[in-house]
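For reference, the chain that follows is the form predicted on its own, supplied as structure tokens.
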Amino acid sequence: MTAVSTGSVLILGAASDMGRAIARRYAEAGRALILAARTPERLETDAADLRLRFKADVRTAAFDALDTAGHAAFLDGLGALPDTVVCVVGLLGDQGKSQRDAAVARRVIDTNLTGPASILGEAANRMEARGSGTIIGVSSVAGERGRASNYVYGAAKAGLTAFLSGLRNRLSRAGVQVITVKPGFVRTRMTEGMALPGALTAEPDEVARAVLAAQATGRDVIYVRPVWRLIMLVIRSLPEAVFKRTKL
């Protein structure tokens, strides 16, 4: 079991609704935080609130998931390597636009896979050398089977899920914990306007509590709402001849 009451936490994508909720839960648990996003100015209000509300040690940093050439320097610039790295970086994108414009599709893939894999790979190498740490990647149930409605996003998340799985396998004997989070639907700005089924839709704070619980109990892969495990089992089990006739 890994304790969650000590050690610093780097949150990549900290300006997102899930990132903000995760930051709040870690601050409440007494963890020092580094909130990172493309525009760190947007994080200052949240950082001030966490300092005031929880007397948390919080600082902000500029981080661009798409600037993979700068990822090593970004980690080196933090000073001490954080004990926990949480990657909430993501872009749902628009499937129709991705089908028509390869540049749009590439941005979705780079934001959800290339960028996260780059920064988490850099963090993994450093944690492996140190012999300790936790990497938490927020992937998606969309990565479990390609669907007509969002297969570009799903393909990127499938890649991230596989990347995290391989990283976990590689680092399992190096003292580094790797957790894959599959939230399912989450009510955030990214899904605003979508008709989401209430029973299958989590709130950002629900994701945050699940992340901390997974770290505390040493889980490898979590579905924020357990019902998603059953749903995806059924979807994965459908024969291709049947699946291609669905409207998923």
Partner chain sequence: MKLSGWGRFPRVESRLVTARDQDDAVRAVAGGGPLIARGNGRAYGDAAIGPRTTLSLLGMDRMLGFDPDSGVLTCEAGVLLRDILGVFVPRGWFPPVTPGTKMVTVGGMIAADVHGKNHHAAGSFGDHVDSLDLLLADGRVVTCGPNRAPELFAATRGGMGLTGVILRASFRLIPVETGYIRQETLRADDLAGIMAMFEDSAGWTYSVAWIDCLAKGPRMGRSLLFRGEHARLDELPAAARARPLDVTLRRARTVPFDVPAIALNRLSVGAFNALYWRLGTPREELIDYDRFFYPLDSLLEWNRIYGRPGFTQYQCVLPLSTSADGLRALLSAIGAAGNASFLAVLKLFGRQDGLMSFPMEGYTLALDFPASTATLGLLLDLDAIVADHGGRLYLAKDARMGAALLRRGYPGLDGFQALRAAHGLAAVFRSVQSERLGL
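Numbering follows the first chain given and starts at 1. The structure presented is a predicted model; accordingly, all values stated were derived computationally and were not measured.
Beyond what is shown, the protein has a form predicted in complex with the partner chain; the following relates to that form.
Student: Spell out, yes or no, whether the shortest heavy atom distance between A199 and the partner chain in the model of the complex is within 4.5 Å.
Tutor: No - in the model of the complex, heavy atoms of A199 and the partner chain never come within 4.5 Å of each other.
Student: Taking the partner chain as it sits in the model of the complex, is D49 in contact with it (heavy atom to heavy atom, 4.5 Å or less)?
Tutor: Within the cut-off, so yes.
Student: With a 4.5 Å heavy atom cut-off, would you call R225 a contact of the partner chain in the model of the complex?
Tutor: No, no contact at 4.5 Å.
Student: Contact between T188 and the partner chain in the model of the complex at 4.5 Å, heavy atoms?
Tutor: So T188 counts as contacting the partner chain.
Student: Report whether all of D17, R20 and K55 sit within 4.5 Å of the partner chain in the model of the complex, measuring from non-hydrogen atoms.
Tutor: Yes, the whole trio is in contact, each within 4.5 Å by some heavy atom.
Student: Among 37-45, 214-222, 60-68, 176-184, which stretch has residues with heavy atoms no more than 4.5 Å from the partner chain in the model of the complex?
Tutor: Partner-contacting stretch among the options: 37-45.
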